[in-house]
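Consider the single chain below, provided in structure tokens and representing the form predicted on its own.
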Amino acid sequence: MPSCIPSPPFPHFQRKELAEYSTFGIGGPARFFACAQNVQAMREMLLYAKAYQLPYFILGKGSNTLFDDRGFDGLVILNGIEGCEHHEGVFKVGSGYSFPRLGQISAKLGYHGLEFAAGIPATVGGAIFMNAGAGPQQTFDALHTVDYLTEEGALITFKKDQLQWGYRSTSFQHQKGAIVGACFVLSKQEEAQAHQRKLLSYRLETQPYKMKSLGCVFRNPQGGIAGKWIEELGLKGLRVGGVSVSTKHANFIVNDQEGSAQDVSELIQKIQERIYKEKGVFLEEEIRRIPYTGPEDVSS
């Protein structure tokens, strides 16, 4: 990557500590940091990054993102593309719109399909990128179309059947560009709000919701539940430096003593080694690690 890159010609460009933009409270400074509040601003930032061969990362709520202690030697674009329109179960939203807010609004209006979103600290774009879910529900179940901006500046609308998705995985994880909008089609259901409140209440009771965390750290293995296995092996409370396995939910790591990314890496490794020794299964991470020099996949 070129060492001499001019400062981006974006409004409100600043150098930011990424710990301030992570639900985990960990991460050093971004070399360049700017907020894209509309599609044109996002296009200009992507074109700038491509022109200067600059690694970039699209940041939403930072709820499943582990930044490096050194920060990010590239451009971090905070997704500020909001807006929400709805008519008879069709919801058109900006990718920077709050995903839990969308779940609350749609359920309150009596629409089923996104009740699980309440309590998930993500933007709509981040939820689509990861195919976020809870229990039997997942984001792609209700998704209709996605507006996607390539790093060359082209705006493409993908229909759901043009995309690939699975458990916490989507084709967007292997593309370069940015999700900028989406359309969800929901069905009418009188019990939607009651269901949404029940799901949110359960999440608050069973997860360390008010603590600094990344959300679930590991994907559930085939035939098993990661959190259950970790708890069965007595690893709740296991600590490395300033981070520890949550005593409330074993698939969460909490930053309760000003931990570092290195602490997290070591703790994850200890858990994986113990699970592999006892179960013969290697737990895969659900979180995204963003190294200092940039991720291999750069859209979110």
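One-based numbering along the sequence shown. All values derive from a computational prediction rather than experimental measurement.
Just so you know, the form predicted in complex with a small molecule exists too; it's not on screen, but the next bit is about it.
- None of the heavy atoms of residue 89 is located within 4.5 Å of the small molecule in the predicted bound form.
- Among residues of the shown chain, residue 126 is one whose heavy atoms approach the small molecule to within 4.5 Å in the predicted bound form.
- Contact annotation: residue 209 falls within 4.5 Å of the small molecule in the predicted bound form, judged by heavy atom distances.
- A residue is said to contact a partner when one of its heavy atoms sits within 4.5 Å of a partner heavy atom; residue 134 meets this definition for the small molecule in the predicted bound form.
- Using a 4.5 Å cut-off to the small molecule in the predicted bound form, each of 58, 130 and 286 places a heavy atom inside that distance.
- The partner is not drawn, yet in the predicted bound form one stretch among 152 to 160, 209 to 217, 189 to 197, 223 to 231 has residues with heavy atoms inside 4.5 Å of the small molecule: 209 to 217.
- Taking 107, 182, 76, 120 one by one, only a single residue has any non-hydrogen atom within 4.5 Å of the small molecule in the predicted bound form, and it is 120.
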